[in-house]
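Taking the form predicted on its own, here's one chain by itself in structure tokens.
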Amino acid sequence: MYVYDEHDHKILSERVAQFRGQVDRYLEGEISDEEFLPLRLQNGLYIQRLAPMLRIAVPYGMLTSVQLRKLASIARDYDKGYCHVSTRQNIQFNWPSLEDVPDILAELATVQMHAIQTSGNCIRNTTTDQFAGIAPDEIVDPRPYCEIIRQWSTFHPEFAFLPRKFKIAVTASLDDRAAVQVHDIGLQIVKNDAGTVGFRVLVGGGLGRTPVIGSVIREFLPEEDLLTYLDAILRIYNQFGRRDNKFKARIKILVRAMGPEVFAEKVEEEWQHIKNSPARLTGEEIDRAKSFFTAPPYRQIDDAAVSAALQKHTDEELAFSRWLNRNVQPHKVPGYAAVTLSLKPAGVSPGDITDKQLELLADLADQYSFGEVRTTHEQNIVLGDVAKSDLYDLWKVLKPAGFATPNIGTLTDIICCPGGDYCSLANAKSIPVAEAIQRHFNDLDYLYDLGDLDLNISGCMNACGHHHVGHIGVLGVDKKGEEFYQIQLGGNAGEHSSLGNVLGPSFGRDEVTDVVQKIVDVYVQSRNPDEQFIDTYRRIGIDPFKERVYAKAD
């Protein structure tokens, strides 16, 4: 992980003091609501339905055990004993008081954390693959490039007040686990024919009110040109992006209006003026960023012997076998594995984690994973560097803590925004719908038979639950003051990204689970051997699902 130096610490301390003064003046009536709005947003503070919400930055999803313990103490002392993992890999507190926020930020600063630019019309937290640096299929570790982007974008004076919020994601694997195609800028690390590392650049993706798959504007960008090219993209957006209508202010609207080819031409023209400026990365600067992401002291492990020992445990305990199959992923170092801790047990709001769980997680990170964890955009937690010889012992600890639900990638591993229970923008509640679906589909054998199936729920068109790219997407809508839910099918956030299609008229909350069951029934009856839901949907289309769901009873 990147380690803060004296300059970073000074910047954070000054920022906390600055915001403390702004909060004091606001509470004393010296600053109006309108004036305070941009100040609080760029410090991660929202006004929600029942209380403020504070969003904490977790750059590219990396957290240390020290930071976990600090988050636990904040949850206990300033909130209601829990926090929430968001789809941008950040941490959210839903119940702080405004008066306490400066104190919270001061505490976060002691462990190299902050809430800077987690909201507002600026460049937000850069996200990446939760298995970055350990995935066997990646070209290079994408985290150093994320850190370079973080340092470039934080407090960048030219991009502090963009037409609208701006999100960047980076992936280094063909199996895109960072959803780069639905970001304002998506960067896929590639190698050209000469073996040189660079980026395939996509622009204009995004969800929300107008969902769009991003367009490739450059097939290969050398790594040294990363920041100057991003500068050029942001300058074109700043110059031509709409500011008269926030619903048409995202870069995806600009790219669509210009056309990807014209937008790319304007970026290239701008880039020619700045490509050889001092902002061009040097090999030394890239190496400096890489130096913060060195491999931990892995042990030499006999992978074959450990695998044989694990096989004995899987033969004897079905529950462990299920967990090993669903929650444990390959690692590039022989004898190690990445373990995903599910934050989706039935009856718990997806992505929520308590103060006691955070402290246990910190202890587990220290004992099993070199003191580090990763948050995921699917709202789970990853221990990235677990020796395979420790997997069985780790599982026995995870079970009573509520972390071992073996449902990763299944229908009940639901991505879900906080919805109407918290958010003032939501049209409908999301959490009760997620819980009802989880309780209904509680047969693990049935879930495993269904295979990989993404179900995403959003409480409004802002799409914080990424419903557009769920294989099954659920959207809360308002009908004359009543909560209803629209169903979409066929979305996908991976390598072959697609946007879901609306099934038809919306449903009441108590109907949603039955509708999902009918959709699943059509899939089971129509699939070919070993065919996943998204493949069946793409083969047979939406009509068979629509016919079943809207069929009138005899």
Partner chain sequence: MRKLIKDGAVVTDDWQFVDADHGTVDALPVGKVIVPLALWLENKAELSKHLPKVGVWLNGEEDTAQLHDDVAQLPLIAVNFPVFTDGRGFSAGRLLRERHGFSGELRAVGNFLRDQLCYLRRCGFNAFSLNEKYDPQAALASLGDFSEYYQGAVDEPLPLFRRRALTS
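Residue numbers count along the first chain shown, from 1. The shown structure was predicted, so the numbers you read here are calculated from the model rather than taken from an experiment.
Heads up, the form predicted in complex with the partner chain isn't pictured, but that's what we're talking about next.
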Within 4.5 Å of the partner chain in the predicted bound form, all of 86, 124 and 200 (non-hydrogen atom): no
Sole residue of 279, 258, 98, 139 within 4.5 Å of the partner chain in the predicted bound form, by heavy atom: 279
Contacting member of 376, 153, 438, 427, with respect to the partner chain in the predicted bound form [4.5 Å, heavy atom]: 153
Residue 313, heavy atom within 4.5 angstroms of the partner chain in the predicted bound form: no
Touches the partner chain in the predicted bound form: residue 195 (any heavy atom, 4.5 Å): no
Residue 530: touches the partner chain in the predicted bound form, heavy atom cutoff 4.5 angstroms: no
4.5 Å heavy atom contact, residue 175 and the partner chain in the predicted bound form: no
Residue stretch of 283-291, 388-396, 367-375, 101-109 approaching the partner chain in the predicted bound form, non-hydrogen atom distance within 4.5 Å: 283-291
In the predicted bound form, residues of 1-28 near the partner chain [heavy atom within 4.5 Å]: 2, 5, 7, 8, 10, 11, 14, 15, 18, 22, 25
